[in-house]
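Just the one chain here, laid out as structure tokens, in the form predicted alone.
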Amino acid sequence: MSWIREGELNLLERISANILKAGPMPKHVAFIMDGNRRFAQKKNMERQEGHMQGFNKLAETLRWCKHLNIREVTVYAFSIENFKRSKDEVDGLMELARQKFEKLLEERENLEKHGVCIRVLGDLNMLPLDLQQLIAKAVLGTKAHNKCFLNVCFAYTSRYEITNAVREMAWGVEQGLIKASDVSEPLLSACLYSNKSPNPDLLIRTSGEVRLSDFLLWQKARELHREHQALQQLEADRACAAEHLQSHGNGKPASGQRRREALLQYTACREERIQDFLEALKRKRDSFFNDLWSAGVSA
């Protein structure tokens, strides 16, 4: 089964699509792929067949999203918690992933035609090496595409994503790229696996269950108003600039003009530090995929 199904919608589907497009449309939709095992049990089929049917339904859903002009889709394909399932089921899911990423690599021309960029979000180190290499080929082979984006969360949980973002900021402090005072909510967001994507407008769980299951918790939490975040950052910068003036002053209170100049200088330095850190983080992550690609080619 192809990842990107071709073909036009039938009459009923076209009518439904036109009705939906008459109102406001989301730009980014996230799906929790759930219920495959329950579906298999209900239909008296093997669990692996249930997972296969789940992928087929995903391909059908992606076709709908394409026709509805939804530019970005994020799917929760495999949670870190799923590693706790039986070895046979986990091995079956890994084999299914191999087959589907191999199929994706066979469809490069189709992906290029539709401008589909594939991103895989999660800790790939938890996966078998050959699967990591397939994923790296898919990610690097489509990274220049920019018409639509498919984010596949694999070996992922939101808590792990947040924890990893904190580790990345700690790495930045250890490397001297940023200061501890530079750590903030916006910086944490920029360190997430999903940093290239806007927050989802709509989250759908396919099985009818009503729980997030540790998926995109940071992204779906109520956001502080941007002006509030900017005010918080301004107050933090003022405190740091004041501390700098106090430690480098002659004991006399600084003038208002001097405080404003110090604040502007500190803010500019902080923004430059953060930009340099984020560029270093991007290089580190790109290097991980490039090394996997190279190892796969030479193998």
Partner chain sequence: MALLYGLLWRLLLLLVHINRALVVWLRVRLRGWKRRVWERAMAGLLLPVALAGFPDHQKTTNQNPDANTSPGTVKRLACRRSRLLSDGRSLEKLPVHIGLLVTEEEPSYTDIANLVVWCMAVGISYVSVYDNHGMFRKNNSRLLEEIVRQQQDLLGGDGSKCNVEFLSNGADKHHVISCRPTVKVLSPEDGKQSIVQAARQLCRSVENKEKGSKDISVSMLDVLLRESRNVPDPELVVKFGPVDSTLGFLPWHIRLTEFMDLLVTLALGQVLSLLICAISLTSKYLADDFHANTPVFQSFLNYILLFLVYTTTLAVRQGDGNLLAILKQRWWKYMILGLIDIEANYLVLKAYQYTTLSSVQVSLCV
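Keep in mind that this is a model prediction, so the values were computed, not measured. Residue numbers count along the first chain shown, from 1.
The same protein also has a form predicted together with the partner chain, omitted here; what follows describes it.
Shown alone here, F149 lies farther than 4.5 Å from the partner chain in the model of the complex, counting heavy atoms only. In the model of the complex, no heavy atom of S287 sits within 4.5 Å of the partner chain. Residue contact with the partner chain in the model of the complex: N18 places a heavy atom within 4.5 Å of it. Within this chain, D214 lines the site of the partner chain in the model of the complex, having a heavy atom no more than 4.5 Å away. Against the partner chain in the model of the complex, the set E107, P198 and Y266 makes no contact: no member has a heavy atom within 4.5 Å.
The partner is absent here; in the model of the complex, the one residue of E102, D88, E185, D130 having a heavy atom within 4.5 Å of the partner chain is E185. A single residue from the set M94, M126, V173, L140 has any heavy atom within 4.5 angstroms of the partner chain in the model of the complex; that residue is V173. The stretch among 161-169, 94-102, 117-125, 141-149 whose residues place heavy atoms within 4.5 Å of the partner chain in the model of the complex is 161-169. Residues from 81-108 that approach the partner chain in the model of the complex with a non-hydrogen atom within 4.5 Å are limited to E81.
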